[in-house]
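Quick heads-up: it's one chain on its own, the form predicted on its own, in structure tokens.
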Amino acid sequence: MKKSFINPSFPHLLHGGDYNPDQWQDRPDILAEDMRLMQLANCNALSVGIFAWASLEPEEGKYDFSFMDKALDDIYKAGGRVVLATPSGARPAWLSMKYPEVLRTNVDGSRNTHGMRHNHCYSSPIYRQKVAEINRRIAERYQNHPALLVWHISNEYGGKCYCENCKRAFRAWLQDKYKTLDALNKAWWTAFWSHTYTAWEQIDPPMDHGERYTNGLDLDWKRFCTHQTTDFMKAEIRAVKAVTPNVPVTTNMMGFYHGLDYRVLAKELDVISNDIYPTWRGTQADINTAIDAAFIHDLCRTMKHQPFMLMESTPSHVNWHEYNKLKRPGAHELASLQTIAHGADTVQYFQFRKSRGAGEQFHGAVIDHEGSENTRVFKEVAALGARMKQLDAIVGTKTAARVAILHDWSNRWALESAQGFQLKHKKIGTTQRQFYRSFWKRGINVDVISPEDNFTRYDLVVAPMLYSVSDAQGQKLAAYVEQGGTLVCTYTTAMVDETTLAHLGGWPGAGLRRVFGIWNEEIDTLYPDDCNTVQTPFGNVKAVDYCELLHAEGAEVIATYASDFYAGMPAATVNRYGKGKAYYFAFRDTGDFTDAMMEKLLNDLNITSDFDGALPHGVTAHSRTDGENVFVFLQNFNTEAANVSTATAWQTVENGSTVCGAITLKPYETLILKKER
């Protein structure tokens, strides 16, 4: 198995943070001290220039790279490398004042004033021109600098603009997609409420004071925003790639961020990177936090099926949660090693040194305002860095998964804008994580895939609340099962197509009715204080939120409703289709039924963890492989010690000692093990 390095010129785990020497140009003593502390913290990579445009170009056409020249030179001399940013995420005030069209227009038509960040229009020709120019100049200046490792394109892309440029671009995008107004009107069902369009100029984005209930419009607007953001990002990439074609590019994402379909952006990137700030409480609730974080990490890894970058995290606390609690001792190392366990080859922070003032002056950082290595947080960062230096064997390794959970941004958008079910809280993320929990607790590697991925590489595919399914996607799912795959779907499956038109002929549509051997006649949305009882092979369980009324059409019934007017009707089924099986869960349970069914399927398919021992509550084991060896991260997310046993003789990666039999893990401890695959 060939390893996949972020940059082959530096085959090590990257450890460091967002570094802002432009904030300290009047303090050469602090800049010198930063290099000493970088080495003491066992950091080897710093991200530079993310918000430095005002320093790099203080006046239009007047450039000053002196602070960045010194920063890159100093970092390299100290043994580090640089993740070099393009500064488009926060433009200088002179640009806003001279060219107001670069400012975003809000949904009510008002134009933003200068301030904050990401307050710019992705369609603005002037902004694109100015960004391309500063990006090109940075690339030309540092193209041969030995510190340059990765391009960090902008920062946390997001947001929408409703200016005339964006509206025109939206209409052009629609015209390119649908070709004719007749096709668009049919796809959006605009005859409803007499909303038929007779000219492209009549189409506006969905707005509270305009059109809000044309679901196809809403979905296509979200898709367009992803398209336009990606197009802007591609222009940024072209500017640096023209000068440095061999330097990989990335941009920092934000997990399952609602505003953009990251799968579209991912196609244009060499490496995926992510920002994540879980709420670690220092209680048993951290197990749930760990599950949520792991799910996000698996999404990032699966986008390109290769190691990703953790671009931003905090070694201590943030400043924007409602309650900004410190990480408890050991939690930072545990969370960081969890990220590596799930496929990251970096641990990076926002930020390296705390800002003295402004909005994030109390955000956690490696170097506190006190300014020395004598803080608890600094010592924890240094200890983690020391461990990371011993993990070169893991760099570039892959994650082997036989289980996949399907997540599709378009499906989520379509479901959440649907006028029905639970109106405001469809809880698709809750449903996905309920399935994910069953695999996490058993140490099963999971890929988080999209409809475009190759399903046949997995023995088990779980597609929770797959509400929007095109005919082509339905055919792909059917072929997967027919060829021997096991597919699990739930309530709300294949109710509408890719433009949100309801499938006719019974649900699930898109040809999946015959795959599951059922017909879903109705869906009952329960009030929060309602519940139903379902009889299952594992005993009676509670049904909450959703209960679909199924008719079995060849499927085997494995659970039935026990109450209400649909008592006795199927609540869960399995259908043999070709060489495979299709499972359908018609109700949302509180977790016990889902967990029991996933355990059954794992046993049926002989899917096991790479770690052979039983895992107690709050302990998990996830793995990476180089094809010859498997590396297991055995982690205890409990606030108390936990006991694990293994019949296999493992080597510890860090000191080569042999581990076998009983293992005691301290609270928040990670043991990194190795054996031949």
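If you're wondering where the values come from, they're calculated on a predicted model, not measured in any experiment. Note that residue numbering follows the sequence shown and begins at 1.
Missing here is the form predicted together with a small molecule; even so, the following discussion is about that form.
Engineer: Give a yes or no for His363: in the predicted bound form, does one of its heavy atoms lie within 4.5 Å of a heavy atom belonging to the small molecule?
Structural biologist: His363 belongs to the contact set for the small molecule.
Engineer: Does Asp275 reach the small molecule in the predicted bound form if we count a contact as any heavy atom within 4.5 Å?
Structural biologist: Answer yes; at least one heavy atom of Asp275 falls within 4.5 Å of the small molecule in the predicted bound form.
Engineer: Taking heavy atoms only, is Lys234 within 4.5 angstroms of the small molecule in the predicted bound form?
Structural biologist: Result no; Lys234 lies far from the small molecule in the predicted bound form.
Engineer: Looking in the predicted bound form, any heavy atom of Leu605 within 4.5 Å of the small molecule?
Structural biologist: Residue-level check for Leu605: no, no contact with the small molecule.
Engineer: Given a 4.5 Å cut-off on heavy atoms, tell me which of 311-319, 182-190, 281-289, 467-475 is the interface stretch with the small molecule in the predicted bound form.
Structural biologist: That would be stretch 311-319.
Engineer: Just one of Asn411, Thr500, Asn155, Thr493 has a heavy atom within 4.5 angstroms of the small molecule in the predicted bound form, so which one?
Structural biologist: By the 4.5 Å heavy-atom cutoff, the listed residue in contact is Asn155.
Engineer: Please tell me which of Thr339, Thr573, Asn135, Asn252 lies within 4.5 Å of the small molecule in the predicted bound form, judged by heavy atoms.
Structural biologist: So the residue touching the small molecule in the predicted bound form, by this definition, is Asn252.
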